[in-house]
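The data below hold one chain only, encoded as structure tokens and taken in the form predicted alone.
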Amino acid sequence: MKALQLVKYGKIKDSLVFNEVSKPTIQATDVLIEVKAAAINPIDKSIILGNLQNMLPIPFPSTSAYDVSGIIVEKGAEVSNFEIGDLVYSRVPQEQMGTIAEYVAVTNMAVSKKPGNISFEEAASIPLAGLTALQSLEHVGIKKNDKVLIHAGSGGVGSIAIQYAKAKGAYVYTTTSTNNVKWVAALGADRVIDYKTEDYKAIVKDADIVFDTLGKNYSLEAFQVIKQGGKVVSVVGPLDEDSAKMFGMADYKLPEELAKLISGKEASYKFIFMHPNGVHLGELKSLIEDEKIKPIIDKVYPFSESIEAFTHLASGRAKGKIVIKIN
């Protein structure tokens, strides 16, 4: 079968190659998915550039990407929750990475039936971003009437997080650039802040939750806008000590400046590393079928133009998700 593979770390056009590879063989708890569509995410770009090789080392060559939608064509002997012919979607686990291919084998625990009211391309756009938003906001216990700041509302994660927070009854602030203000507002955000003309720190006061999708100074500035006892959850900021232990960093200590800010606000801080979860995808399926969440796609590329799709991802200009139609 054909697959887009990473053959070395470096520039996108030098590092990605179409190869003929063996069709995956499944284990007893796996399903084999005939891939209809795959989606790409910032983590895929970071892997190609070699930015994550200490945290997520991979062998060469490796097939790229994690998000997939398609049809189950085989299932393992211990799989009872799916049937051959089921239409499904998944964010595959790290050890099964590689969805820009004609087939992918996935543990059934990471798979859900796809929402019935959207296409394969739309379904492929959901898993990684949707799970990141759900797991981050559920970790901090989002509830009705919470005031939530979600950075980068036009991004893949931000656009779903806005919709998820509104489905939970929260009041949502979000940041975006001038060109994206109208369509981010259409996602349901209560106050869209144009970061090119407005200072979000002057607008957001006493937030219950800050969802940090930008890192760097934004991780620290979150403590200026949360209330006493507020909660900051990040997918790109510094690790917290429990997360560091998960990555084998036993001697890790929170950066001193961050520790002081947490203490000063009697706040909580958590770094979330999204984990594949078919049950959570099932929850997102229900919200999509109830039209509480809609997929936001920037562009769909044919399989043959997968490398161009990664170049577009690297530009940082996508509004929503970039999807590759496999067949």
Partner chain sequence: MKELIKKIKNRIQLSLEAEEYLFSISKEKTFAKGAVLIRQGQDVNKIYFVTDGCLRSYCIDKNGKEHTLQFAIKNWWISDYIAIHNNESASLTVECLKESKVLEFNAKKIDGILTLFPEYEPFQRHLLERHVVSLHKRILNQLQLTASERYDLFLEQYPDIEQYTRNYHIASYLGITQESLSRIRVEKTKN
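In this text, all values refer to a predicted model and were calculated from it rather than measured experimentally. Residue numbers count along the first chain shown, from 1.
One more form of this protein should be noted, the form predicted in complex with the partner chain, which is absent from this view; the next part is about it.
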Checklist outcome for this item: As a check of understanding, the residue in D251, E83, E78, D206 with any heavy atom within 4.5 Å of the partner chain in the predicted bound form should be identified as E83
Checklist entry - Of I118, V235, V192, L220, which one comes within 4.5 Å of the partner chain in the predicted bound form, counting heavy atoms only? => result I118
Checklist entry - Do E122 and the partner chain come within 4.5 Å of each other in the predicted bound form, heavy atoms counted? => result yes
Item to check | Exercise: K294 in contact with the partner chain in the predicted bound form, heavy atom 4.5 Å | outcome: yes
Checklist entry - How about A167: is it within 4.5 Å of the partner chain in the predicted bound form, going by heavy atoms? => result no
Next on the checklist: Within 4.5 Å, heavy atoms only: does S286 come near the partner chain in the predicted bound form?
Outcome noted: yes
Next on the checklist: Among the candidate stretches 209 to 217, 157 to 165, 222 to 230, 84 to 92, which one is within 4.5 Å of the partner chain in the predicted bound form when only heavy atoms are counted?
Outcome noted: 84 to 92
